[in-house]
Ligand SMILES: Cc1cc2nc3c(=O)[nH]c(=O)nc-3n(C[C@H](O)[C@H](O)[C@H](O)COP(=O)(O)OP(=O)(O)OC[C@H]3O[C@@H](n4cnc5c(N)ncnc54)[C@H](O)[C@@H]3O)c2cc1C
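Shown here is one chain on its own, the form predicted alone, set out as structure tokens.
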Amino acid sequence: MNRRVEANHALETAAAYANRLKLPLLVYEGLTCSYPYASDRFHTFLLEGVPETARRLARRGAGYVFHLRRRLADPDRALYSLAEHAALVVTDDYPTFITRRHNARVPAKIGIPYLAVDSSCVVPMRLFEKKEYGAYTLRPKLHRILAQHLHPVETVPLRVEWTGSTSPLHTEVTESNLATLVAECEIDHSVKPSISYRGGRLAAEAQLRHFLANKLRCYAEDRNEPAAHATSNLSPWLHFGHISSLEVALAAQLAAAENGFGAAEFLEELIVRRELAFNHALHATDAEALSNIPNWAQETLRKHDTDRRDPVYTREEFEHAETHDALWNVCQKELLLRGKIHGYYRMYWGKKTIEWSATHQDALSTMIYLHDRYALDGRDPNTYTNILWCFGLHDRPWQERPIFGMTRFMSLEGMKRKTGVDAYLREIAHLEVAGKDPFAL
């Protein structure tokens, strides 16, 4: 899940064990065609990072095998084949998607030590041994120990350089053959690459530099105004591990200190809110289920689940942005085109999906489906936590009303009062016509 050479606790753990055992280090990265909703969008974003990963690992003296499984009929044993020649395996500790299942079943099959390391959070998620009720319960616990973890990851020099031959499992990825590789894969070719975001470490570093230089100073004031483009937009690269929240946090702290403004609001979102999502996913049996929301929310939604809805849209109508609400439609179109929705408008998008779905479970299933299929930052602890927030997770009771019960309600009138809806409508309309994003780096 963390596909980078820098600030990677799992990689440095592997390097330390390699040195201890006086062995070289081989890094394996796989991309299969069989993961849920595999598409041109996700494959392209991941493959765009491979050439730079290969270059940086070579400079460190590590070996690298990137294996692209193109067809469902192709063997799916690359990891096991490599593990037959290894002393141990180090991988990512990650609480959702296929990684959670993978880590549960692989160790028994390989017969060597298998270590899962948290390289996704600033403070390791397993230090918090129970599910937190909300940010207000996690925040003080996290801040008590944050200083122990908020420092750069030490790079471990490799004592034994990799000199092995290229593995037959390896797929060479270059900028020139990337599109061909994607086309050869048995995946959904109807979901096209994002028009806004390019994958890989270099793109992540450029996005971070742009945010620090131009947006961090106005983040606190403008983050909920989509037309201001004041957010970092780093979530796709954070999800795919091309950059770490730790190095982003350190860079934001330094930029704020050097330029005389604060970064507290940004760090609250990056650390407290993001790691609250990992806490939820870690301690939930099924991070996507309505059974995770608080008892008061479950009770109030049960009470109102049969309330009359008007209108009611099908999943296909939602997917194709065919509702009566222009703001909801452009939120969905942003997801289709860019591969993510601005965080504040995504809350509105979610609340209205609840209002116009036949049942609460239908609304949940629709939101998860749309993110799983289209969002570059989907299939992530933050995805499932933010969707369930729409149903009351990490929130409090509000005034009771139809359909929502005592869960929070959001209205179009409120969005118009608080944000520049018209500017956002024009921006997404331009994206749809032009097919390219003037805000993309």
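These figures come from a predicted structure and were not determined experimentally. Residue positions are given as counts along the sequence shown, with the first one as 1.
A second form of this protein, the form predicted together with the ligand, is not displayed here; the remarks below concern that form.
Not one of V50, G63 and T166 places a heavy atom within 4.5 Å of the ligand in the predicted bound form. For the ligand in the predicted bound form, the listed stretch (281-289, 333-341, 118-126, 166-174) containing residues with heavy atoms inside 4.5 Å is 333-341.
Interface membership of T91, defined by any non-hydrogen atom within 4.5 Å of the ligand in the predicted bound form, is ruled out. The ligand in the predicted bound form comes within 4.5 Å of no heavy atom belonging to R309. Contact between Y219 and the ligand in the predicted bound form is found at the 4.5 Å heavy atom cutoff. Taking non-hydrogen atoms only, V27 never approaches the ligand to within 4.5 angstroms in the predicted bound form. Shown without its partner, this chain lists F97, F266, F318, F240 as candidates; in the predicted bound form, only F266 has a non-hydrogen atom within 4.5 angstroms of the ligand. Though the ligand is absent from this view, in the predicted bound form it lies within 4.5 Å of a heavy atom of just one residue from L146, L158, A326, M347, which is M347. Taking the ligand as positioned in the predicted bound form, the residues of 263-284 that bring a heavy atom within 4.5 Å of it are, in sequence order, F266, E269, L270, R273, R274.
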